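Only one chain is given next, in structure tokens, and it is the form predicted on its own.
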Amino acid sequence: MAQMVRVHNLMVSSDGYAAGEGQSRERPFGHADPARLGAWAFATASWPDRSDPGGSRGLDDYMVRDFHRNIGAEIMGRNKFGPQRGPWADHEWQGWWGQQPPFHTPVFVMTHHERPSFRLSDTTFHFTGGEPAGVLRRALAAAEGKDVRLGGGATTIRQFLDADLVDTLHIAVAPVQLGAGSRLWRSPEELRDRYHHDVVPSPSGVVHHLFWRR
């Protein structure tokens, strides 16, 4: 089976933003509240950081469980990795996720300021410049026949969409508005010329948008 490039479980506000303004170490999503954007996922039985028993089943839970299916590598933008801008002033910073990152694959961080790769648990972070097609070639090779996930943020995903390099997308639209920040779209209709599009509302209040190539 051919390798695919997938966006999965990207959480977006109803006005199209995947993160707010004013990102900092204390606020990875800027002025956006991740508890509101991701409430549907955090409530599921399969959420990996769940500390108490229970949790919801059904569609939302399936989407959470599908996050790692057949993924061999991830590509992310620098702002998803951390809040620093410009040359790396702090090489001690190793991401938001502590010593056990949730990726379990090679991760390629797109940046104009490269730095040495490092490994945490079973995740290796590589820092790479270049155009989306070149970064994708590296990620596909590292994935060893499995799919590559585009982890975000919105700017990085738009770069790959503009280069026509994305096969499928799952966007979870939460019933909140941000007004400003990192925007994926003004309307999901923007992608309909290239993708089939299904819209599946969930009892949790989130609306799942599923896209696959025409």
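A quick note: this is a predicted structure, and the numbers were derived from the prediction, not measured. Numbering starts at 1 and follows the sequence shown.
This protein has a second form, the form predicted in complex with a further copy of the same chain, left out of what is shown; the following refers to that one.
For this session: Identify which of Arg183, His170, Arg158, Lys146 has a heavy atom within 4.5 Å of a further copy of the same chain in the predicted complex; exactly one of them does.
Result: Going through each option in turn, the one that passes is His170.
Problem set entry | Site test, His8, Gly55 and Pro203 vs a further copy of the same chain in the predicted complex, non-hydrogen atom cutoff 4.5 Å | Every residue of the spot touches a further copy of the same chain in the predicted complex.
Exercise. In the predicted complex, does Asp33 have a heavy atom within 4.5 Å of a further copy of the same chain?
Worked result: No, no contact at 4.5 Å.
Exercise. Is there a non-hydrogen atom of Met63 within 4.5 angstroms of a non-hydrogen atom of a further copy of the same chain in the predicted complex?
Worked result: The answer is yes: Met63 has a heavy atom within 4.5 Å of a further copy of the same chain.
For this session: Indicate whether Asp193 is a 4.5 Å heavy atom neighbour of a further copy of the same chain in the predicted complex.
Result: No, Asp193 sits far enough from a further copy of the same chain in the predicted complex that none of its heavy atoms falls within 4.5 Å.
Problem set entry | Partner proximity in the predicted complex: Leu165 to a further copy of the same chain, non-hydrogen atom cutoff 4.5 Å | Taking the distances in the predicted complex, the answer for Leu165 is no, it never comes within 4.5 Å of a further copy of the same chain.
Exercise. Can you pick the stretch from 150-158, 55-63, 174-182, 25-33 whose heavy atoms fall within 4.5 Å of a further copy of the same chain in the predicted complex?
Worked result: Comparing against a further copy of the same chain in the predicted complex, the contact stretch is 55-63.
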